[in-house]
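Heads up, the chain below is alone and in the form predicted alone; it's given as structure tokens.
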Amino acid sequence: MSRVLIIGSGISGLTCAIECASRGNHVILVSPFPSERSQSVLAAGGINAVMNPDGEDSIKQHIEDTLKGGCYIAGEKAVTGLCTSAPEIVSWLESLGTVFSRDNDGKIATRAFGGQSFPRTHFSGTATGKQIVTALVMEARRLEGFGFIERRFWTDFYSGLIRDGVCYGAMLYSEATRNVEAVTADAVVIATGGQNALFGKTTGSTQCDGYVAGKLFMQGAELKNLEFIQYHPTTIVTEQKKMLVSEAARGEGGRLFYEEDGKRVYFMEDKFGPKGNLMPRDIVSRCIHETGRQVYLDVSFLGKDKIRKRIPEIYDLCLKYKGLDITKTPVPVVPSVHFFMGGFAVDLHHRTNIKNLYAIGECASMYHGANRLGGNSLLAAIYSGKTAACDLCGRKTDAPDFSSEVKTENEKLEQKRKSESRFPVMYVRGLLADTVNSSLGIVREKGELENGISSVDYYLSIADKINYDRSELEYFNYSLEGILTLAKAVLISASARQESRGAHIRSDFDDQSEEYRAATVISYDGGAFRTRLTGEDDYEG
């Protein structure tokens, strides 16, 4: 029996925990909040799968659409495994109690999403993530009742227990005890999502701040494709965040337009034909950016009954946050940071270059290449969780004594609590968000990227001088350096890729280059950042 430590309890973490526990292993599932508060519940549109391969659609076409959408830098072996397993994954979710919407024949309903040759996105209204999380939580609780899963909430990752390129567990921080403790394991799985907090307001949860990736990067873990950041083309702006208007609205027939001389210009249809509104997200976002105008999304012509039945959450969202009745009025939308194709560099089994350390879900870079297709994120979260579990189960590792390291880190925290300076931590994080947004927009260029790197270097120079803020969780105080280091890695990766591909658009390198038809891997060694190119399927750490 292996002892498995999983950091993150969203859909990928829950899936991995269930799969490991079902094989008789002991799982410790760690997160600051319950799964019901994870970003996974925000996943709206659906999950892709070809459930009827004898029809017009095929698994082969799903593979090709995924590779094409990712601009052919995702690994073909990885994508083939993902798409081939999709029907079985949807059936598994149903068996756990996930409730999918049905068509008139009683089959799981499908809708069209961007970049798809055929409609293959299965959904639960526009709350698919909530449905899946609910089903997985119930199964995890069942296994917890048998003693196979131990859930530890209100607990944060502090650092990896790593020696000589081997991970033996993690240091965890408890806000209750205000101390760090060592938790050893035969394998550690990172399932912490993307890097939303780098940008401040996004469509995602600020719980996903990239700290774990940044800290483990500093400890030797390699990262990959950080420059590929997906802007979702349709969001509404609120005081707190950018609220996602799901691609489901366009999948049901919604049309994008801007106004000129009192007339509507359906610019996506003018440029790409009748299916223009369902081009891949990077293309739609870039086209909106190029209009230089306020763009609107119209679904009113669908009729109130269809809107309330097929996309009720979008109706409620727009009414609550913008006071707009989408059965009568178009919605003003803007592109916003939504998904991170980059993350930990992993092989086909989701192993990182650190032995016994795995990464799954959005924090792992594997299936999406330069741009993710809508409906593939939930699929990848579940598939990666299962894939890692299959590989790590059965591992046994004798951990050395880490008591001296734990003592040192607790002493550092105590010293930090006494610090005084004019640099409050949340002020620096706000500066970082301003810097990242100005440097890593939909379109980037050399000067802005270099300015961003210079600014982050300055923030790093004061990171150990920040004012300890007792009004904030201590996590915010100790996590700053890791987040800043990750931000610098993202900027360096974007600067290193001197081409435009997918979600990475350079105004100074407007075309794709065969030289860069590969993944960008970045490593960290004593403060030095190094990048190299490699094939996705070829990565071995």
Ligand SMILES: Cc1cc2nc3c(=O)[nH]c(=O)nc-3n(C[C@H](O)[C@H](O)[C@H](O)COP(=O)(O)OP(=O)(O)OC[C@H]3O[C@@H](n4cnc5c(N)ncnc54)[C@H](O)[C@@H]3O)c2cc1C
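A residue's number is simply how far along the shown sequence it sits, counting from 1. Predicted model, so just to flag it, every value in this text is computed and none were measured.
Although it is not shown, the form predicted together with this ligand is what the next lines describe.
This ligand in the model of the complex comes within 4.5 Å of a heavy atom belonging to Thr203. Residue contact check for Gly46: one or more of its heavy atoms lie within 4.5 Å of this ligand in the model of the complex. Using a 4.5 angstroms limit between non-hydrogen atoms, Glu362 touches this ligand in the model of the complex. Leu244 belongs to the set of residues with a heavy atom inside 4.5 Å of this ligand in the model of the complex.
Heavy atoms within 4.5 Å of this ligand in the model of the complex are found in exactly one of 332-340, 396-404, 81-89, 440-448, that being 332-340. Across the proposed site, Ile236, Ile288 and Ala503 without exception lack any heavy atom within 4.5 Å of this ligand in the model of the complex. Residue Ala191 is the only one of Leu357, Ile229, Ala170, Ala191 with a heavy atom lying within 4.5 Å of this ligand in the model of the complex. Contacts with this ligand in the model of the complex, taken as any heavy atom within 4.5 Å, map to no residue of 83-98.
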